[in-house]
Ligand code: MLT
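First, one chain by itself: the form predicted on its own, in C-alpha cells.
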C-alpha cells in the first residue's frame, strides 16, 4: 500500500505483463482493496492499480462530493477527475504500465466516465458498472475507437434507465465503441456482471493480439 502518488492505493503487478493494466475504482464506502477480487476474476494475471477516493461522506470514501443522492458537486467532479488522471500518469511512470482499462462500480464508474470526458488520453477503455452521467455540461471529448462496456440494472433504484442511456449516447457521440448491457438487476453487482466483464476483456485482448 502506498500514498506517495497523491492517492492511497494498492498495486498488484500480476503475472501477465502483456495484459492491459486495470484501474479499479470502488463505489461509495469501498477502499483500495474492495475491487481487487473482482479485478483478479475479470482480468486474471493482469496488473491491477487500485486507488482509494480522497473524499469522505459520513466516513465513507468516495471519488467526488455529491449534494444529494444522484446530485453531484460538478466542480468537485472536475477537480477530482483531474486529480485521478494525474495519479494514473504518475503510477504509469512508477510501475512501468501501459494506459489502463478502468473498471469502476457506481461512484467509481462515474469518476471513470468523467475522466474519459475530461482527460480522454488517460484510459485505454473502461468497464462502467452502474454508471450515470457525471457532468450536466460535458465537454466534447475525442474518444475515437475507445472501447467501453456499460452494464446497467433494469431495476436500479438509484439510476434511471434514461440516465444510463444518456451516458451511453454521450460516449458514442464522442467516438467511443460502446456496448451497453441492461441486466435484470438492481444497483448491486451480481455474478452476471463478472461474467459479462470477463468476456468483454477476453474479446478485447483477442482483438489486440
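On a predicted model such as this, the values are computed, not experimentally measured, just so you know. Residue numbers count along the first chain shown, from 1.
Unshown form predicted together with the named molecule; subsequent notes refer to it.
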{"item": "Region of this chain that lies against the named molecule in the model of the complex, out of 102-110, 135-143, 86-94, 117-125 [heavy atom, 4.5 Å]", "value": "102-110"}
{"item": "Close approach of residue 9 to the named molecule in the model of the complex, 4.5 Å, heavy atom", "value": "no"}
{"item": "Contact label in the model of the complex: residue 161 to the named molecule, heavy atom within 4.5 Å", "value": "no"}
{"item": "Exercise: residue 37 in contact with the named molecule in the model of the complex, heavy atom 4.5 Å", "value": "no"}
{"item": "is_contact(residue 187, the named molecule) in the model of the complex, heavy atom dist at most 4.5 Å", "value": "yes"}
{"item": "Candidate from 174, 179, 28, 54 lying within 4.5 Å of the named molecule in the model of the complex - any heavy atom", "value": "28"}
{"item": "Contacts with the named molecule in the model of the complex, stretch 57-76 (heavy atom within 4.5 Å)", "value": "62, 64, 66, 69, 70, 72"}
